[in-house]
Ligand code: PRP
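The chain below stands alone and is given as structure tokens, in the form predicted alone.
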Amino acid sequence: MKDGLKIALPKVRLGNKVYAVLSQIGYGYDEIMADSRKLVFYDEAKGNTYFLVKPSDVATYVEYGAADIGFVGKDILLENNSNVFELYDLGIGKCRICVAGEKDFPYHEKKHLKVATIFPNISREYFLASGKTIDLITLHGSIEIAPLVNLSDVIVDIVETGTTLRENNLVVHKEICPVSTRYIANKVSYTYKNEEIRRIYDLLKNLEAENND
């Protein structure tokens, strides 16, 4: 068994986009896209092992060494304060982390807010830096409901097109940061498997350059 790279890939839609990029740089493995419930794949020809995991868990697999490299949203890295090397921005899965609420809510005048979010750490850090105090309410889905039923004044959430906000009569009050998919590496693996990890970095940069020509 060849000792190649252990690669953590996010499942579902983001995973399909990441896999397409890997295929373009010669790191594809067709069995991954087969219709099955299999989660671990070993490419005997190249010696690489692929794991399919929940997007929010990719950084954890990489940080603790179960995977050498992975592909994960910047929001996950920020929220978890992940102890990994962030090597490259793939520029896919682009969106924003924003503060949103009802259009007429006087966000900028308020010094204290009730904030509902799936990103408690990002929210806490952002509002601390902005000089506002908050009551933090952690939710796990359907965040947009919170201001509509007076659970919170505002929400902190991922915004891609803004359609869900508009359909619920909400607006963006403030953008916290942009988000996209990042290529990350385990810190120990980066030392011992540096040549292969750097090779993927170079291939990703070259692919971006070709696409921009």
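None of the values given here were measured: they were computed from a predicted structure. Residue numbers here begin at 1 and follow the sequence given.
The form predicted together with this ligand is left out here; the points below concern that form.
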The one option of D153, D43, D57, E144 with any heavy atom within 4.5 Å of this ligand in the model of the complex is E144
Looking at G162, P178, G65, G47, which is the one with a non-hydrogen atom within 4.5 Å of this ligand in the model of the complex? G162
Give a yes/no on whether L39 approaches this ligand to within 4.5 Å in the model of the complex, heavy atoms considered. no
Would you classify I158 as touching this ligand in the model of the complex, given a 4.5 Å non-hydrogen atom cut-off? yes
Residues in which of 24 to 32, 163 to 171, 181 to 189, 57 to 65 have heavy atoms within 4.5 Å of this ligand in the model of the complex? 163 to 171
